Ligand SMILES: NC(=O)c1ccc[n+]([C@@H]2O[C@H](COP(=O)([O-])OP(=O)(O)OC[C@H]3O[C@@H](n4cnc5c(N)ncnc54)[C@H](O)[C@@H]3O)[C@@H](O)[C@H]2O)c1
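Just the one chain here, the form predicted alone, laid out as structure tokens.
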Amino acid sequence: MENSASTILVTGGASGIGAAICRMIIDRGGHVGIVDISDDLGTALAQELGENADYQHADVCDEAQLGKAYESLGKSLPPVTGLVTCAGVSPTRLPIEDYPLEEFRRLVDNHVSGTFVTCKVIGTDMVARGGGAIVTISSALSIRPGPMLGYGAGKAAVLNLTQSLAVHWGKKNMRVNTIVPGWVDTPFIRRQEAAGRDLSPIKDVTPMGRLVKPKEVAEVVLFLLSPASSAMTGAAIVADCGATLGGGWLPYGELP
């Protein structure tokens, strides 16, 4: 972030990666606007973070609802200088033969339309006020295929949209970059483990042998929001403990 006066809006900020980003923004002297549909979690997080944080309910696919939330945050926080589009829905793993079109559309629409609407509403206002920085959240599935068809297609589109907006706003003092996380140690994946999912195959294919920590993703986000990345726009930064690299090694034997 540029300085202690920075105000960052984080969609999907109530839990997981988004919450880690919000906490780090506050820890480093900034202000944060949290937008989510999980009201209990969002309200509790804003209370935890103190007077420099505020929460507003909004579905990122609803342009009017998001605009209203943004307007409300503008009354309690300084003008937004950075945006993180972290809102998303959980992936569905089904073969295409059994994959309902409605479910595919739901996943793609949430990630692509949600990112588009968020950048349209908040990004357009930021440009009008002199610019800033946007960080979108893509996925390792955007650059390597996997069985989560709708999720992967949606996240690949987020990466492309990010790069398109980087060009679109390039001369307007607006930088737009994306992060490509691998398997992140969030409550979502830990709930899967508690339900019986074996996480060892993930670790076995990951050169660093572990999941990514949410705060590690947050560190990259804050770097991309800061002047330290001032020449970077349209970049896709992979933060996956090497998971996207492991598949290229395995045909020759086990990972070192």
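What you are looking at is a predicted structure, and each value in this text was computed from that prediction instead of being measured. Each residue number is its position in the shown sequence, starting from 1.
The protein also exists as the form predicted in complex with the named molecule; that form is not presented, and the subsequent description refers to it.
When contacts are judged by a 4.5 Å heavy atom cut-off, Thr43 does not count as touching the named molecule in the model of the complex. Mapping the unseen interface onto this chain, Thr186 counts among the residues with a heavy atom inside 4.5 Å of the named molecule in the model of the complex. At a distance threshold of 4.5 angstroms between non-hydrogen atoms, Ser38 is in contact with the named molecule in the model of the complex. Proximity of Thr233 to the named molecule in the model of the complex: non-hydrogen atoms within 4.5 Å are absent; the residue sits far from the partner.
At a distance of at most 4.5 angstroms from the named molecule in the model of the complex, none of the three residues Leu9, Leu49 and Lys215 contributes a non-hydrogen atom. Comparing 58-66, 218-226, 25-33, 193-201 against the named molecule in the model of the complex, the single stretch with non-hydrogen atoms within 4.5 angstroms of it is 58-66. Using a 4.5 Å cut-off on any heavy atom, the residues of 124-160 that reach the named molecule in the model of the complex are, in sequence order, Ile137, Ser138, Ser139, Tyr151, Lys155.
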